[in-house]
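Just one chain is shown here, as structure tokens, and it is the form predicted on its own.
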């Protein structure tokens, strides 16, 4: 059987398994097992055992459950409740006013949770009722929330960047640092769009009463400042080389426990809930990574990725044309799968052709995450759209329409890092080795 036919059979099997509701990890393992059993002469049982054992212990991967636990702890420590009161005094006179709370609040919480869905749900619970009661337009409330929540995938410490780093053997520290400027770029694009809309139609945004002195602003932000310093300390220690991502994650968990203990709402029950939540999420991701590792090995035995890359390379597509095709491919795939599944499903097949085109793996990781962000707000299965619909009860098509400008801004962000790759690479290159 030819390689395209083999790939079509295996891909069809994977789609069928996923459609039946089988776990992603098990679907990957079944697909890999079938590939080795029917299309290679390798001992599939032995390869499965050695792959699972060899990939079940990884020092870089230890950062994953620690960062998830840090986010779970801070999630339960009234951070979201203090977000609005801490940011609002600083933004009352900016064009767009309190709509920027959605953007900056999501950016801050993204650096805590590493999850776009958790960011949308947490910030949305707090900001949507408040902004509606003050008379802000629904489309901008929903759009800023849907678009800005996607920052949870990019702004470090990002769970999906850890997954990409482990799957592709890239430095997680360099990936984290590479995500900083693109994340800030998206924050600037979102805030700039809101400001332009507000300046073009001054009656669109309600006037906020009252003015705050510097001391009043600092007092309102007193609970936000330690969290911001914690995030800056974690990322700063990685950037300067003082600590590895795993070491920084461990310190982050310890400091987040101290911050949470200062909150009267965080006790043993909340700690147990955070621990169990982090355990469930970590096990799910680790299981998917084991399945992806076995699939990568199986694909290597079949030779499909190498031959597929050579086949695509025979078309001699320019780099920009290849990236445009991959952008469409990932957006379509993201309509049906979550971000982590997309990364582990595609890396073993896509990376050989990406490297053949001379595209840097580090840059491609940030590009991939940014494109996956777009899929979180595209129907029919944009996960953030479902979260916001469940939160507000608003029809998902209205939510998708409100999110459309921010989808286009994400597309602009992907174009900018493609035209100016230094946005991604300048900070990692400054780190040295």
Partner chain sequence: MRRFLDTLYWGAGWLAALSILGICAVVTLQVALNVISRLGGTGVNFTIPSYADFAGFALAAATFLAAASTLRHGVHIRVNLLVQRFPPRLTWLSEVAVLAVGAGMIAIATYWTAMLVGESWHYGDQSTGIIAVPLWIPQIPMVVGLGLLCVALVDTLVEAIRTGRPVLIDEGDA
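Just so it is clear, the structure is predicted and the values come from calculations on it, not from any experiment. Rigid core (definition): largest C-alpha set, two forms, superposition within 1.5 Å. Positions refer to the first chain, counted from 1.
Another form exists, predicted in complex with the partner chain; not displayed. Remarks below refer to it.
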Practice problem: Heavy atoms, 4.5 Å, the partner chain in the predicted bound form: which of 266-274, 315-323, 94-102, 180-188 makes the cut? Say which one. | Solution: 266-274
Practice problem: Considering only heavy atoms, tell me if residue 53 and the partner chain come within 4.5 Å of each other in the predicted bound form. | Solution: yes
Quiz item: Using 4.5 Å between non-hydrogen atoms, is residue 279 touching the partner chain in the predicted bound form?
Solution: yes
Quiz item: Heavy atoms within 4.5 Å of the partner chain in the predicted bound form: does residue 39 have any?
Solution: no
Exercise. Could you confirm whether residue 20 comes within 4.5 Å of the partner chain in the predicted bound form, counting heavy atoms only?
Key: yes
Quiz prompt | Within 4.5 Å of the partner chain in the predicted bound form, all of 136, 229 and 368 (non-hydrogen atom) | solution = no
Quiz prompt | 24, 417, 409, 10 - the one with a heavy atom within 4.5 Å of the partner chain in the predicted bound form | solution = 24
Self-check item: Contact residue in the predicted bound form, from 328, 242, 207, 204 (heavy atom within 4.5 Å of the partner chain)
Solution: 242
Quiz prompt | Heavy atom contacts to the partner chain in the predicted bound form at 4.5 Å, residues of 244-271 in sequence order | solution = 247, 250, 251, 253, 254, 271
Quiz item: Would you say residue 136 moves between this form and the one not shown, meaning its CA shifts by 2 Å or more once the core is fitted?
Solution: no
Quiz item: For residue 156, is the C-alpha shift between this form and the one not shown 2 Å or more after core superposition?
Solution: no
Self-check item: Threshold 2 Å Cα movement between this form and the one not shown for residue 167, core superposed
Solution: no
Quiz item: Would one find the Cα atoms of residue 69 and residue 100 closer or farther in the predicted bound form than in this form, where their distance changes by 3 Å or more?
Solution: closer
Self-check item: Distance direction in the predicted bound form for the C-alpha atoms of residue 104 and residue 249, relative to the displayed form (3 angstroms or more)
Solution: closer
